[in-house]
Structure formats: structure tokens, C-alpha cells
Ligand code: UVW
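Quick heads-up: it's one chain on its own, the form predicted on its own, in C-alpha cells.
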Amino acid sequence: MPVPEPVDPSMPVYSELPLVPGSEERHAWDVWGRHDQLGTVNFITPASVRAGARTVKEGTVVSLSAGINDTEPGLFPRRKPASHEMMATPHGRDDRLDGFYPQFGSQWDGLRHVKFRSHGYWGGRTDEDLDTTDDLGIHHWAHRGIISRGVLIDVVEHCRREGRPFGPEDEFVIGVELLDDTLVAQGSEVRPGDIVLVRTGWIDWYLELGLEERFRRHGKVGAAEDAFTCPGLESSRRTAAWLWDHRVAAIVADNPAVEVMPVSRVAGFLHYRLIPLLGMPLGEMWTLKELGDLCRSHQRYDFFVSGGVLKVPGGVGSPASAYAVL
């Protein structure tokens, strides 16, 4: 697999990153220092933001987020739809949300979301560190902004055209070769500091299901024998290496976990490799069909992305109020 030219030649490629003691996993904790709060958002530079702005040709704005409760009942039993209360006032209207789970629908997984075994969170931080500080809170990304050039890798459309379609409930593994093949077929490329969006078609199907069908899948996420299946990225170290060596600032998909489901006990969990070890934001359940249709009609797959993040001190995740501008 060819390794792209690094942003900074002194920055290590994935195979040069140190191993986590007692494991075969690699970490980037020392690349920006162990007190770093941003992870791979550091790959977004003024140059990559300007590159994103230069992709704007038509000025068309596309929302990439589902409605706040559109994915009801949610895929985890503990995450429930928000209650929206409207109130009349003498001067007009007010409203509030109760029981609001920031990672209920279209979302960002923050650096507090998962840790790697006893080695901890991004930078080697412990639970005690997070209990006593706002380290790794989602507000650090909100202050910096996840805004850059974006690239859509429309895997579901590419496979359809190639005569090997897959379904939304297929355990279809998207390996790095398929990512590269799709990019070549689209005539696009991934550049340092990009936000990469992978379309599997899953959320288009899920949003058309009735509530009864959705409840049948409720809570069946993970490595359990009855966990539901969906297409997604291969969860191996090869994928982590591809993303790191391309200097991807954030990885987004339209499925529930970015990676393929169910979780493979053999290949491991890509979340553990990307969030605590590489410091990479994961965007999940984004709506990408309209974007894919526009990219095909314009015959280009790069655009400007603004991935909105709530400024919640110490927050674990955030809804993704995201837009692409073509």
C-alpha cells in the first residue's frame, strides 16, 4: 500500500509510531505531546481550510445531519429520544429539550468516548484525569472547529456500478483497497487535513424503516451473536494505517459505527485504534445521499465541510450539525 507524502516529513508514518506496551497497537500520543487536546484535528491547517474553500464552485449547501430524533428509538437502550417542550410566553415562544443524548443521531464521537484498556484515553490519560479536569472535552474541538476540505468516498454507488452491490444489512467489509479503487473511479484523492466521508447507504435504508422494525434492532450493537449487521470500514490496523498515513483529520460514515458490524473479535474494534490511540474524530450516522447525488451530477467529490460541534465543557460527544458546500 503506497504511503502518501506526509504533511511534515519529520512526522512518523503509522508503522513508525510506537507500540502500546504489552500490545500490537500503535499510538500517536507523542506526536503533538501528551497534553494535546485535539488529536488529528491538528492535521487541519490554514492551508487545508483554504483548499476546502477553493472547492466551492456552485455555492450549493447540503445538510449532512438527520433530525434530532429521526433515528428513534436509537441503537443503544440507554440513549433515548429527546423530549421537546414548546412554551408560549407573553412575547412569543420558547422551548427546551429534556433527556438529550448528544450521540443519539448524526454525531461526533469525542476523545472521552472510549479508552484503550488500562492504558487509558488519548495521551494516556486516566479516568481520574477526566473526572477532575475537562481534558479531552468536546469543547476543545468546538473551539478549534472541524472545518476543512471534504472528500466523499461513495462506496455503495461504486460497488453498484461495478456489479457487486451490497445491502444495508450485509456484513460488507470496506477494506483499504476498495477505498482506493473508489477514489480512482471517482477521479478524486485524499489530501492532508481532509475530512473523509464514506457512504454505505445504511442510513437511507434505516430512515425508511417503520418503528417496529427499528425496535427489533434496538440494543443489538457490538460483538453479541444476535448483533445486527451493517456494512462499514474494515476494523483492522490496515484501516488505521491508511487513515493516519493519509493525514485524515476526521473520518465520517452514514452507518452507526463507521466500521463494519458486528464487531469482529479477531480484527478488533476500530474505535479503540482511532479514538484513544490516534486521536481521530469519528462521525456516525451522517446523511450522505443528497451529497452523493450532487457529487455525481457535478462529477467531482470534493467540497467544503463544516462539522458543527457543541461547545460543552468536558463533553463526550456532540450532535453533528454539519454542512457541505459545493
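Since the structure is predicted, the reported quantities are computational estimates derived from the model, not experimental observations. Numbering starts at 1 and runs along the sequence shown.
In what follows, reference is made to the form predicted together with the ligand, a form of this protein that is not presented.
In plain terms, the part of the chain that comes close to the ligand in the model of the complex, with a heavy atom within 4.5 Å, is 73 to 81 out of 208 to 216, 73 to 81, 156 to 164, 192 to 200. Of the listed positions (Glu234, Asp245, Asp109, Asp135), a single one reaches within 4.5 angstroms of the ligand by any non-hydrogen atom in the model of the complex, namely Asp109. When you look in the model of the complex, the only residue of Ala28, Ala66, Ile44, Ala257 with a non-hydrogen atom within 4.5 Å of the ligand is Ala257. Contact check for Glu284: a heavy atom falls within 4.5 Å of the ligand in the model of the complex. Remark: Gln103 counts among the residues lining the ligand in the model of the complex, judged by a heavy atom distance of 4.5 Å or less. Proximity of His271 to the ligand in the model of the complex falls within the 4.5 Å heavy atom cutoff. When contacts are judged by a 4.5 Å heavy atom cut-off, His113 counts as touching the ligand in the model of the complex.
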